[in-house]
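Just one chain follows, in the form predicted alone, and it is written as structure tokens.
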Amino acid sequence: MTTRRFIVEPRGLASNRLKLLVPLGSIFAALVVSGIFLLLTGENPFAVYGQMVDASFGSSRSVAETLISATPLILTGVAAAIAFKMQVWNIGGEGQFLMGAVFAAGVAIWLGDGTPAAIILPAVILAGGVGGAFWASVSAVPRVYLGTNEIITTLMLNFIAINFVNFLIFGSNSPWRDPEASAFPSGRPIPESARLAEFFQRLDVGIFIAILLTIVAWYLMSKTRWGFAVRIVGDSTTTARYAGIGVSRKILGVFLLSGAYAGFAGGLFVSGPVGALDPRSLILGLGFTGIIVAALARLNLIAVIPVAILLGALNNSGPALQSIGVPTATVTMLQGAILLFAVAGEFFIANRIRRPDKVDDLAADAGVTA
């Protein structure tokens, strides 16, 4: 009796070409699947995709808006990649992003108009990182010292942060709320000296700060002794302990660094295009989208930059779809499809599927007859 089956076996060291082709294939497969759904709803997928490309890259204004959308995604993607590299599942980028925005706006309002830009701008950006790290510590400390599940705690803290930001603006008379906007509550504008300089359309220098911070994270993780120890812990905590590496300290440090990068994104968004702690402009799921960025970049910190620009283009194209009668939820569907295929792609990078040869069939038959 001959059995027909497939064998899944570890691939070993995947080639660089495969590592490049799989993410590209994931995007292509997501476009095909989303196109089928568009056809089923009566839409022309080529017209929809053409509108999305035009809205994202068709003019200097659209390119600027795409890069504005990509700026926080670069940092939330780096935040997720830093944590995931060490097998620390920080799903709290959204909450850490928002708490970074709270801290950044609070410091800007506290320092006030009289503070020189050379002082207030670094203080605001740094405060964003502190806010994100603080919010990450609420999950990191129990994870390290009590063994709690960081997936659950970081996920739940996202919703606490969302409701806290809404409370500061819509449910209280906090310093973050604009006292002159009584009929329609909104965030208090931060001082002009705390705003990032714009140089192209609405695009500000935050894009360069985000890229610089990404390079710093890459250097820290790839070129330093600390980063080497972190990679060992991520590969095997048993090996790390045997080598005398403080596993708990490394996990805590990576968790806080991840939170800080998500907080930096919040700080740059407040001091850049938003200019206030405005829930309607901040609660956009940018922390959750950062997870998609990190997955599609395969946790490569430098690759996060072009992937974030791609996802920023998708986010930027959403409103333009309404002009041709397509719901903006199409963008969310496409993002979800990209994430699913990216995760599936990781399986094929780590494993390969083959048909059994005759030796395998004979061995299987022997096992069956036995």
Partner chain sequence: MKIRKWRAAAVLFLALALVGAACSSDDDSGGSDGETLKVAFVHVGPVADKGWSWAHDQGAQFLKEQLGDAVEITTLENIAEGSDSQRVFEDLASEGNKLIFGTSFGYMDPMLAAAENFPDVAFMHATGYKTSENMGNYFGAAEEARYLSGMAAGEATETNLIGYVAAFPIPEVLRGINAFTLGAREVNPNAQVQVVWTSTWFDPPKESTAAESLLDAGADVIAMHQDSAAPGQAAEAAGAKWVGYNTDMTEFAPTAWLTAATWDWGPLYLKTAKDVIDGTWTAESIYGNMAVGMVKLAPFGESVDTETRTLIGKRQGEILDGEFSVLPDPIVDQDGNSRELGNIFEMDYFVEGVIGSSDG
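Source: prediction; values computed, not measured. Numbering follows the first chain given and starts at 1.
Not on display, but discussed next: the form predicted in complex with its partner chain.
Novice: Quick one: find which of 119-127, 259-267, 141-149, 216-224 has residues within 4.5 Å of its partner chain in the model of the complex by heavy atom distance.
Specialist: Only one stretch passes the 4.5 Å heavy-atom test: 216-224.
Novice: Do residue 35 and its partner chain come within 4.5 Å of each other in the model of the complex, heavy atoms counted?
Specialist: Residue-level check for residue 35: no, no contact with its partner chain.
Novice: Quick check on residue 280: any heavy atom within 4.5 Å of its partner chain in the model of the complex?
Specialist: So residue 280 counts as contacting its partner chain.
Novice: With the partner left out here, check for me: in the model of the complex, does some heavy atom of residue 196 sit within 4.5 Å of its partner chain?
Specialist: Residue 196: no contact with its partner chain in the model of the complex.
Novice: Can you tell me whether residue 274 touches its partner chain? I mean in the model of the complex, with a 4.5 angstroms heavy atom cut-off.
Specialist: Yes, contact at 4.5 Å.
Novice: Using heavy atoms only and a 4.5 Å cut-off, determine which of 246, 112, 171, 179 is in contact with its partner chain in the model of the complex.
Specialist: Contact check passes for 171.
Novice: Mind checking whether each of 71, 89 and 285 has a heavy atom within 4.5 Å of its partner chain in the model of the complex?
Specialist: Checked in the model of the complex: no contact with its partner chain for any of the three.
Novice: What residues, if any, in 23-46 have a non-hydrogen atom within 4.5 angstroms of its partner chain in the model of the complex?
Specialist: Sequence-ordered list: 23, 24, 27, 31, 46.
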